[in-house]
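Let us start with two forms of the same protein chain, each given on its own as structure tokens and named structure 1 and structure 2.
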Structure 1
């Protein structure tokens, strides 16, 4: 079998699996798997740029995805005018004071000669700036969060179309990646992994605790959609007539139509990013990045700025993850900070990249779809298998109870087995790098 036929067969297999889920569990389930698979494929593309193309070990993917989700809130939710009146102005002043203190500290460090004077100036700027910032910030937070905390209690967003939040999510993630990269990209790969994981946890902690920004653990619900609402479709006589003409009742037809609209939007974004990634991979820039990945010493001897190139691709990969995060929050119509877990939004994405094929964009897309399908379907398949195995056993028998209670662990067990099998028999992934 040729390489192209093998690759096509693998994608066809994933398509058959999704269609099979639709036949057994319903079209709604299949479309839900498809939509989240598209988002997972985009996340995998971002990580593949960083690891597959540049060898950067970023295990803070969760933080960049969460920043994308925050963008959906800041862009699309309506403005809370009462909160802005209560403390919005002071919040802006506080943030400007904090930023000014940081800029002044950096300026003093660069302009003053090394010695006691520079050290004292930096300490004074940092301490004075911190206390001034906190005095303004804490007062503003108290007033903002006091405004209808059950319904709002935060500043809200700009009230713009939610689809604008997708590129904004990429920009937020890119900005955070620039700051992180300037600090951490000089570290060795294992230290870089620890640093990115820690920073991702800091980002999630901020989302959980800063209620004035995104309601914290009270969550933001009702994020606007870029597609029609089911109730609006069900109230449209033209839609009802069209659904009836093809044999669907209005409720099911409206649900499927909305999910298909999301699938069309997500597919468009994935194809654009995949095309751009392929163009980058096959360009002189892509060849330079692979050369740096394979041998930094010789690349540096050829005059390449290793740190600058690493920072560049770290920002690009993080921006793609931010876009995916904004898309996922749009699909969920809510921001839930407690839902961001490293297992789901970092390590599962890494499994997608490794299984699909590190260094190959098509492999990352395949891994995104395949691993997400298994992540969703393994537990119900495991439950069916355990019910079959324990059917001859008497109710209340300890082994039967133990096996049925262990179904929840099937996901982790299956992911581990798949990873081991792929690394043993296809260590470069299902679609290896050329």
Structure 2
């Protein structure tokens, strides 16, 4: 069996798994797994770019994904004009003042000679800037959040088609990655890991607490879709007729059709990104990246600026995660900041990349689908297993209740074991790097 055959059959196997889920649990479930699988595949492409190609540890995938989600809100939600007139202008001034203070500080640090004067200048700039920012900002926040807090209470978005938010999400994530990369790249590899871990936590707390921006824990719901709504389809005679002609009743047909539309959109994005990643991998640039990864010292000796290259690839990889994040929020039609859990959004993506095969784009895509499938299906499988194990125990026995209750946590355990086992016995993953 050639390598290619093996890879094709691996993908076929995942296909069969998803179709199997479709047969047992219904086509809607299968399509949902497929759609999230597509998004997961994109996330793991992004992480693979960073880890597989450059050996960079990004432990803050969640943060970049969440920034994508924020982009979906900022681009597509209708503008809250009242909030803008109440405090929008002041908010912009406040943000500009904050940014100005930071730029002035950096400028002072770079231009002034080291010494007491510089320290003093920086302290004054930072402290004065902070208090000025806070006074403007707090006032603006109060004004904005006062406007219809139950319905809006935030500035809203631009009211543009939600698809535009996908590249915008990429840009937001790229911006955050630039800041982090500037600081932590070029130092030891674990520093980048810890810095990304930190930025992810902070982005999530921003989303949770800055109500004026994203409504915080009140969530933003009803993000406009790029695809038709089920109710509209069900009201359309043409759709009902078409559905009937292929033997579907309209409600089921509409839900499936909507999911298929998403699947088509996501597949397009995945294919474009996969094509770009493959091009990058096999370009001189990609070869150089791998050369740097495999031997930093000699690459440095050959005059390559490693930190600058790493910054490039770190930004690109994070941008891909941002795009995936925006797509996911689009699919959910809502932004729920409390739903961002690091184990689910950061570490699970790592499992995908490593199981799929770090350094291989096809491997990452496969890992994305496979691990997502397992993540979804381990819970019912675990529940079935637990039912089997606890069957001989008497009802109401504390251990039985406890085991059945704890099934939900089985999947963390399973994912950890999968990661450890793959790292130990097949460190190159299912589809190894060529």
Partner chain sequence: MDLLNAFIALSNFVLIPGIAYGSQLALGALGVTLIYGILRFSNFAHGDTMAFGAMATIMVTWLLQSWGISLGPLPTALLALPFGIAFTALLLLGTDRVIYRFYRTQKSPPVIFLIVSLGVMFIMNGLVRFIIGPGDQRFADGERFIIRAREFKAWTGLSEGLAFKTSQGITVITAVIVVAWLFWFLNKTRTGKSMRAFSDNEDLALLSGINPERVVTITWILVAALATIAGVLYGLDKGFKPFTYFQLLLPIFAAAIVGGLGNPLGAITGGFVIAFSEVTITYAFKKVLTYILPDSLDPTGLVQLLSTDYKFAVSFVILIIVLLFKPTGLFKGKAL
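The term rigid core refers to the maximal set of C-alpha atoms that superpose within 1.5 Å between the two forms. Numbering follows the first chain given and starts at 1. For clarity, every value in this text was computed on a predicted model and none was experimentally measured.
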Same chain, two copies; the copy that is the form predicted alone is structure 1
Would the C-alpha of residue 15 be classed as shifted by 2 Å or more between the two structures after rigid-core alignment? no
Taking the rigid core as reference, the Cα of residue 400 travels between the two structures a distance in Å of 4.2
